[in-house]
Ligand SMILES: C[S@@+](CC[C@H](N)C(=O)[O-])C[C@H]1O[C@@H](n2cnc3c(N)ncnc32)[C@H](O)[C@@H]1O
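Given as structure tokens, the chain that follows is alone and in the form predicted alone.
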């Protein structure tokens, strides 16, 4: 087996393991993701008790413990194992649905929502897929609501280890800050964003954005 083939086989095996909620959540804790979620929730989501939150691609629901008590939370993920785990752990605090976020049905998810979260989601989507999902999310927002995103990002002069890890992410659409900003800007008039290098125990770079004021579309 050649080096490239061996690495591809190893990467595929790891990706299969990460579909298991216990493995995925355990790895995230090892990397320090609990702190990153706490910072993301406090400083960027900034939800208040009584707010409604839709979490697209929610995984095992690990963001929910970091949201304030009293938040009305709905999580959607395509992986039934993730949703089963999330419902078992947090079913008393949230509502969880198995579904493909690319085929988002506003009727089934309810709404409107004060926050729509896309955590580690955009870097899995190409431009057309991201635009379609953001347009759907925009229609689900309450007046004054916002879409909040969190993704790995490629930047100039980032630590070599960070780039090495990011280039091996399951997502194949990792962008630069300008790339993410352009995608978000097609659907929203206001995009506030920040690049962070300090959220995990290992060198890593994140792009966090808060998009609001959906652009008016003909027929919307």
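Positions refer to the first chain, counted from 1. Since we're looking at a predicted model, the values are computed, not measured.
What comes next is about the form predicted together with this ligand, which does not appear here.
- Scanning 87, 109, 138, 119 against this ligand in the predicted complex with a 4.5 Å heavy atom cut-off leaves one residue, 119.
- Proximity to this ligand in the predicted complex, defined as a heavy atom within 4.5 Å, singles out one entry of 42, 186, 35, 170, which is 170.
- In plain terms, the part of the chain that comes close to this ligand in the predicted complex, with a heavy atom within 4.5 Å, is 51-59 out of 176-184, 156-164, 51-59, 190-198.
- Under a 4.5 angstroms non-hydrogen atom cutoff, this ligand in the predicted complex lacks residue 131 among its neighbouring residues.
- Taking the partner from the other structure, this ligand in the predicted complex has a heavy atom within 4.5 Å of a heavy atom of residue 124.
- The shortest heavy atom separation between residue 91 and this ligand in the predicted complex exceeds 4.5 Å.
- Shown alone here, residue 96 lies farther than 4.5 Å from this ligand in the predicted complex, counting heavy atoms only.
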